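Given next, in structure tokens, is a single chain: the form predicted alone.
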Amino acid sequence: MSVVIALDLGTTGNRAIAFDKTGKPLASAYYEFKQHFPKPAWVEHDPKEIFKTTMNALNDIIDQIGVDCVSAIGITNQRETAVLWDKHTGEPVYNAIVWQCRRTTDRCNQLSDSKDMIKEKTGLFLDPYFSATKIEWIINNVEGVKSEIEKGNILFGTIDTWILWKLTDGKKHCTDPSNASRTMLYNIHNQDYDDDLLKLFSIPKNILPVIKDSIDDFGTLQSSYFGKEIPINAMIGDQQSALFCQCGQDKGALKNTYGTGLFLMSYTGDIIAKTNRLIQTVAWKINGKISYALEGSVFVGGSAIQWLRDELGIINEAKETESLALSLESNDDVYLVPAFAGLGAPYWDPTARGVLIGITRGTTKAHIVRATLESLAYQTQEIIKDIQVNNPDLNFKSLRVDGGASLNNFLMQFQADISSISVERPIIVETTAYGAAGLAGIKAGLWTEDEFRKTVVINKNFLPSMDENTRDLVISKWKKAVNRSLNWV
């Protein structure tokens, strides 16, 4: 039996899943890690804890299935999060600065004259979301880092690169184009780091990882861990991984991942599609051929449900939200705009902050829960609408969904209603992991891409049932609520 292990390195925890040749998950393990909030809107992770939880999950998988049947490993990861470390000791110079962190908002404002150049070269907006200003902040604010860089002792990586470097005992310092394209240092046209951008952010090229294809030889998990070297065959950003799994190379196909954030993507092939309010990004690079996608990135999705649980304490488990939302006939005009880390697509306002509006004396926790779930659908709908308006040649027939919150039937039905499009949920909702497994399995010879695609099966289809007048009314109220959240800080 041949098995592929996917390492899914997320924002709130790390997961390992073993898949057999039919796509069946044979074993799964997940470990959360601590979120650090040293100042308002600052978010950090401990890189060593990220590696520890990765190894804990991997250990659990190997204990369950054994090492001899493992053919390959594929890595997928939270993107944009920045880690710098000493290449001799392996010690991080500072905590990982997470993609959600807004500490470099002022710096982005200072660079506003360069925003058009950045968008043209990278497909990205000048925003604290991306890696470049995070790297710059660490270099300028952590004592001794500049001098150690001058000595050639420091390396940078997003989480894929950091974990790869650790798994290979420092032998491989690599990334792939899907992750490199999120650093705000990578030119999506010539497919390499851009000298103008490196100069703008004063980031030396020698700290950056080598860029390889998304399917490639990324070295091996060293035998010192499990007594056998295991090839690492694929690396890809988590949302691109889900896109590969859900849509493959179907031009115009739409997927949305309901994870910590919300990430809606549409595959555009070798075309860099036109857009003013969305991200143009690399989807993947396979056999030397680059593919692109449009992406709408929403910073707060499933993490708003986590907020209900951990900060407000009005639910004990995420699955409670479905029954609470269904206990109401409507939202009674209660809306939540979860701009806890500013607003991403399509607004790109790092100064926005969360708004809960429409509260009356009769408002209950069920209203707040329902408003939170509905906010995920509204944010998704705004991105779908933007893609439709700017790319009328992309004819969307359905929205393919994945991620933990996609298991919520209330949310999926509301998404279908508010977007007036069928919503398709696969049997395997951990598609970020399965996409990386698919890529790794292709190189390992477990399946061809066509064979892999046949293992992705739709489990449930949600059809729209809301009338147009009701849809227009609730969307207009959502937009009023969003306007009240903008330009707060």
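Start at 1 with the first residue shown and count on from there. Given the structure is predicted, the values throughout are model-derived calculations rather than measurements. Definition used throughout: the rigid core is the maximal C-alpha set that superposes within 1.5 Å between two forms.
Unshown form predicted in complex with adenosine-5'-diphosphate (ADP); subsequent notes refer to it.
Item to check | Full three-residue contact with adenosine-5'-diphosphate (ADP) in the model of the complex, heavy atom 4.5 Å, for T81, Y94 and T133 | outcome: The answer is no: none of the three residues contacts the partner (heavy atom, 4.5 Å cut-off).
Next on the checklist: Residue-level question: is Q306 within 4.5 Å of adenosine-5'-diphosphate (ADP) in the model of the complex, judged on heavy atoms?
Outcome noted: Within the cut-off, so yes.
Checklist entry - Is there a heavy atom of Y258 lying 4.5 Å or less from a heavy atom of adenosine-5'-diphosphate (ADP) in the model of the complex? => result Answer yes; at least one heavy atom of Y258 falls within 4.5 Å of adenosine-5'-diphosphate (ADP) in the model of the complex.
Checklist entry - Quick one: is G403 in contact with adenosine-5'-diphosphate (ADP) in the model of the complex, heavy atoms, 4.5 Å cut-off? => result Looking in the model of the complex, residue contacts with adenosine-5'-diphosphate (ADP) include G403, since a heavy atom lies within 4.5 Å.
Item to check | Any non-hydrogen atom of I418 within 4.5 angstroms of adenosine-5'-diphosphate (ADP) in the model of the complex | outcome: I418 lies outside the contact set for adenosine-5'-diphosphate (ADP).
Checklist entry - Though adenosine-5'-diphosphate (ADP) is not shown, can you say which of T122, T321, T161, S291 has a heavy atom within 4.5 Å of it in the model of the complex? => result Among T122, T321, T161, S291, a heavy atom within 4.5 Å of adenosine-5'-diphosphate (ADP) in the model of the complex occurs only for T321.
Checklist entry - Just one of L221, L264, L373, C108 has a heavy atom within 4.5 Å of adenosine-5'-diphosphate (ADP) in the model of the complex. Which one? => result Result of the distance check: L373.
Checklist entry - With the partner removed from view, which of 109 to 117, 225 to 233, 241 to 249, 313 to 321 is the stretch that lies within 4.5 Å of adenosine-5'-diphosphate (ADP) in the model of the complex, judged by heavy atom distances? => result It is the stretch 313 to 321.
Item to check | Neighbours of adenosine-5'-diphosphate (ADP) in the model of the complex among 175 to 189 [non-hydrogen atom within 4.5 angstroms] | outcome: Stretch hits: zero.
Next on the checklist: Please state whether K171 has a C-alpha shift of 2 Å or more between this form and the one not shown, with the rigid core used for the fit.
Outcome noted: It does not reach a 2 Å shift.
Checklist entry - Is it true that Y258 shifts between this form and the one not shown by 2 Å or more at the Cα, once the core is aligned? => result Yes, because once the rigid core is superposed, the C-alpha of Y258 moves 2 Å or more between this form and the one not shown.
Next on the checklist: Would L407 count as moving between this form and the one not shown, using a Cα shift of 2 angstroms or more after superposing the core as the test?
Outcome noted: Shift at L407: 2 Å or more after core fit.
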